[in-house]
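Shown next as structure tokens: one chain only, the form predicted on its own.
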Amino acid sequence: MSEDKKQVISPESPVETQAQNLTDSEQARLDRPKLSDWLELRLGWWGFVRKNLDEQMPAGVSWWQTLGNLLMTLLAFQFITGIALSMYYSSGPESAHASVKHINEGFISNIPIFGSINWGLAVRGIHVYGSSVLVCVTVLHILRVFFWGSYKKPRELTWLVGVLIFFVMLGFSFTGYLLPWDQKAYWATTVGTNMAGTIPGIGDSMLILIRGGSEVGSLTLTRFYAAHVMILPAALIILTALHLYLVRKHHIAGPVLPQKGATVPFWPNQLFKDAVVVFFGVGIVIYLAAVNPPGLEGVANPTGTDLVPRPEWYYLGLYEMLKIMPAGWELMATLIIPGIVSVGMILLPWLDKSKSRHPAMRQWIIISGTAIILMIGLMTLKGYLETPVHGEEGHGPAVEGQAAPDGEAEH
């Protein structure tokens, strides 16, 4: 074989060539690579996949570590269904309700095996229920990290970015609720945005900034839609990419107490657990969308007074807290208490000075966090049992400062 055939260029040596003994078939493969080889040389995709599949997992890794991949899958479903809905949605106040009604009713087809399927309503149902399941799984994921102390050095920034992602998800829920432009969306957004008006000094300016005017109207719908499909998605993509990078850099924390035993690769055991949880998580969303499709009430009417706005379950705790506050104390429920909880979540890695991840060594943090969780849970249960659902006879929309934001996320 000639000397020039003994030298090939590899990605590892872009300047100097490496001398290798190549057979004719190997040389032919280099001269005329398959598409997979061509892509691998330029993307390194298979090497990236193999690296992640072979990643060594700490002994004792359990089913709780599957929530992250479930969240990523649910987010993918939200983006896909959201893009599909946006192709048929019109954000004008004269056409928003009609476009959602068209989505609900205009895409029915018959399939021999499955029968009649309303594709528009199915996609919207997956989007609506996916947002609730997404918030639920995110809360479980945050609680797991909190109780296991997985936010400790060197994962402080991983926790911080995760908290910001949670806030963005709540923003999706709040902005998405107005988009159908029906009665419950209009009045829930009215009383929800009223909370901004309770902030001393800047309340009125904040209210006008959010609504685009003194009342909920066409500019409110435009601003909420812009935030929902442009601002919040951009923030979520950036934060999620940063979160994944930090997770890959520092790896998962593993059990609170290190367990004996050798590390095992991610494939196949942990990947199997992830697949099972993703299957059931997505299955729950599809089941809910199938058995109880999201409805649509009458078009938004600012003069209507026959509906009591009821927030989505993850806002019910704040709603009830606001209701029980004495007159003049609304600011405690609208700003002070939520602000303290939010700042506490952000600063948690620096507030917890314990060097141990064990809950027994972090007693004041665990007790404080558990108290807040119980308070939110009890307020949520109280709201669920006492607040009329949409459509039940009530005494009209809550007055200013007497209700909380709503959030059936049209994510």
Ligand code: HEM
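Everything numeric in this text was worked out from a predicted model, so none of it was measured. Numbering starts at 1 and runs along the sequence shown.
What follows is about the form predicted together with this ligand, which we do not show.
- This ligand in the model of the complex comes within 4.5 Å of no heavy atom belonging to R310.
- Proximity of F107 to this ligand in the model of the complex falls outside the 4.5 Å heavy atom cutoff.
- At a distance threshold of 4.5 angstroms between non-hydrogen atoms, F147 is out of contact with this ligand in the model of the complex.
- Looking at L221, you'd find every heavy atom of it more than 4.5 angstroms from this ligand in the model of the complex.
- Every residue in the set G82, R124 and H228 has a non-hydrogen atom no more than 4.5 Å from this ligand in the model of the complex.
- Stretch 124-132 is the answer when you ask which of 257-265, 201-209, 337-345, 124-132 has residues with heavy atoms within 4.5 Å of this ligand in the model of the complex.
- Of the candidates L71, A300, L316, L179, L179 is the one whose heavy atoms come within 4.5 Å of this ligand in the model of the complex; the others do not.
- With the partner omitted here, the residue from V285, V216, A333, M169 that has a non-hydrogen atom within 4.5 angstroms of this ligand in the model of the complex is M169.
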